[in-house]
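Below sits a lone chain in structure tokens, taken as the form predicted on its own.
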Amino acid sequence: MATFRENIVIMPQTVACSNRDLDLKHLWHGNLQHRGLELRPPLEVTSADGCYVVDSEGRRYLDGMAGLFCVNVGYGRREIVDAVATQMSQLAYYPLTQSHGPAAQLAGRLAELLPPGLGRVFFTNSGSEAVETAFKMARQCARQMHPGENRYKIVARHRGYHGFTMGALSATGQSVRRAAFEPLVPGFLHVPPPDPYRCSFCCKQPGCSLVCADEIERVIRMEGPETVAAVIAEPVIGGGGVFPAPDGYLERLRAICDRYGVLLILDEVITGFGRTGKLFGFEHSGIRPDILTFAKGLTSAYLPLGATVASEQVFAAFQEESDSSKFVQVSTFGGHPSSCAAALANIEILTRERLWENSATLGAYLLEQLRGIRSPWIGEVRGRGLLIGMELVSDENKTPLPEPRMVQLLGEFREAGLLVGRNVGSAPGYCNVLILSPPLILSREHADTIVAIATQALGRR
């Protein structure tokens, strides 16, 4: 009987399948309906430079999403490529069950950039894993800091996105993304997000009253503080529709967590490394979290890498004499030496060019220009730095623009040479926010191109 491998047919080079054929036959894309995909095949990107990507037909697009909120320093940075090549030649791999220089150096560099006392770094492969790690840290830490109590619950927010692993997905407040995988991990609770445009607490008031933050305290009290390990929040909710934390919101969260002995986890997977106009999103508030999560901008996506950073107080809870107090987690590829080399080179570019300042300046300009577009469909334009959302509506009652029209608009932007995002899989009926998150090297000319295309697509009935 012939073996499986003996039946493999090697196709002659002359009849090799195209990339598109191979894609349609073998690739399984995330968050994409494959039925009928041959009629609307995915964009095949073949090269990129600066703020632009080029497809297989030679068309050039301004990448208004920086890949997936992540190519912060832009495409084609030779310094990062060279750093990775050098590292691979010297040490291609070694696990962090022991140590290697790039991981130690990167951990030290991150500690330099963060507030004093926030500098114990656990490396992972992705943002989802970084968040998953944060939950494990929080639960184990809570048991060791509060003996006799069962602090395991995590308070999160509707519309927030924290990842695709089961714990991170359980914290994610997007019911459409969660439905197919339920029941999820127990112990995750959700409260309303800050959303002044639709807020049921104070949208009709002259200003934000931060009642949405107080809801977190109400939930902690109702559940019992002795059962709650942590609160998790994004400084700006990103993929769920771009909701910046109002002034005073994170400060209120910090005070609530301190009042009840609950850890505060800030998810900076999207907002970290300059995206919001500060190096880190929490710097807009001046508070210090107990645990931080990073990914995306950490390497500008040149290689996969995530990180969970804990305070010295959290780390100290794992230093008891009993061996059972150690953090019982390991990651085979977390802190890969080549990924750490990429991150070090990326951070050098980011800090040398102070790209968070360009994010603040160009972000404010772009926000102002987009708000100036006269359109019956634009309900609200909001954002911070170069993370901007345009909520589109059908009428003065704020009825969300229908799904087919949102899909059509994405196609119109792409046809005009601009790639933008949308909050797919968020709240049912509310996937009506166009999202912009371009590379932080964006120029005034790039911003004007974005506004011109948006005006052409939206500035008419």
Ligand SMILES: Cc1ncc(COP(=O)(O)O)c(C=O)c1O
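Because the structure is a prediction, the values reported are computed rather than measured. The first residue of the sequence shown is number 1, and the count goes up from there.
One more form of this protein should be noted, the form predicted in complex with the ligand, which is absent from this view; the next part is about it.
The partner is absent here; in the predicted complex, the one residue of 164, 75, 327, 315 having a heavy atom within 4.5 Å of the ligand is 164. Though the ligand is absent from this view, in the predicted complex it lies within 4.5 Å of a heavy atom of just one residue from 361, 126, 375, 140, which is 126. The stretch from 79-87, 128-136, 190-198, 328-336 that comes within 4.5 Å of the ligand in the predicted complex, counting heavy atoms only, is 128-136. Using a 4.5 Å cutoff between non-hydrogen atoms, residue 296 counts as a contact of the ligand in the predicted complex. Shown alone here, residue 292 lies farther than 4.5 Å from the ligand in the predicted complex, counting heavy atoms only. Although the partner is absent here, residue 269 is a contact residue: one of its heavy atoms lies within 4.5 angstroms of the ligand in the predicted complex.
With a 4.5 Å cutoff on heavy atoms, residue 234 counts as touching the ligand in the predicted complex.
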